[in-house]
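One chain comes next, on its own, written as structure tokens: the form predicted alone.
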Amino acid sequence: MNVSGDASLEPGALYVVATPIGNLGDLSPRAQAVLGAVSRIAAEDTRTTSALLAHFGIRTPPGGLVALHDHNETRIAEGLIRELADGATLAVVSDAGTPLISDPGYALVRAARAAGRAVYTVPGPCAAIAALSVSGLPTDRFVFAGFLPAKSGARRAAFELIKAEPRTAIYYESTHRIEDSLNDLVAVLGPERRVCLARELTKRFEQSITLPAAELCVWQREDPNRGRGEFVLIVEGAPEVANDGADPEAERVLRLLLAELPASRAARLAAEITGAAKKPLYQLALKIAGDGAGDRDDAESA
């Protein structure tokens, strides 16, 4: 591939192009060059992409913009791959940020890979990484879980899954549910878990703050403007627990099982899966779970 700031593209290749999440100045020169040179652009919303292209004076050939969204992606991917096989070049963009990251594009990229087509990244803005970088929370290990569920029960179940997760967790949330989601977070993870709320990243009213969860709920309710916009939540991981002799792989398996099972069963299964001793795993499980009262009857078997 030979794309720097010029428009030299590889025939038959797919380009995954990141676009601004707010500030239009974040569209890189390389991204502009690629968008101006490809045969077609597959866009989540052609109206949004048309406005972006117009701002930068980028012209596309007739029929050069095609809608690619959750409802049609699987259906039209095959046709777009045929165009690549004929030597066309294609860019895929979402409304904002990096395609495929809680946005369309996965089916197209997968189909391109399956067909043996070259797929190149034109990197740029991503709200999850942008928020993580300013959160002040650990960045060396993290998990990205996309948008939180719409229903409270499902949200609480999602938070239960990370209750013992030591890695930083990243979620997206909408303006309509941010207050309820913060309340659910406190109910499951407790008032002291530190959380960064970042909203309207790179836009005029960008704001981010990191506080213990209960304090963040109060802060968010103090000003109606703090409930507006597009949100990223960065959630501090659970405290590391001494493993009492459990090897790292056994501890990893144990933590995954604890998201769904009581301590005794999780320890028993983790021992069977990894070959580690059951008793140390059970003691570790109790420390991670924070309350082994419900498993006392099984303590001897662990």
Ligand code: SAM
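In case it trips you up, residue 1 is the first one in the sequence shown, and so on. Everything quoted here is computed from the prediction, not taken from an experiment.
From this point on, the text means the form predicted in complex with the named molecule, which you will not see here.
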item: Non-hydrogen atom contact S181 with the named molecule in the predicted bound form at 4.5 angstroms; value: no
item: Partner proximity in the predicted bound form: S135 to the named molecule, non-hydrogen atom cutoff 4.5 Å; value: no
item: Any non-hydrogen atom of T98 within 4.5 angstroms of the named molecule in the predicted bound form; value: yes
item: Close approach of R199 to the named molecule in the predicted bound form, 4.5 Å, heavy atom; value: yes
item: Contacting member of E165, E230, E73, E83, with respect to the named molecule in the predicted bound form [4.5 Å, heavy atom]; value: E230
item: Residue (of A128, A112, A213, L90) lying close to the named molecule in the predicted bound form, criterion heavy atoms within 4.5 Å; value: A128
item: Answer range among 220 to 228, 185 to 193, 101 to 109, 152 to 160 for contact with the named molecule, defined in the predicted bound form as heavy atoms within 4.5 Å; value: 101 to 109
item: Partner contacts in the predicted bound form for 140 to 158 (non-hydrogen atom within 4.5 angstroms of the named molecule); value: F147
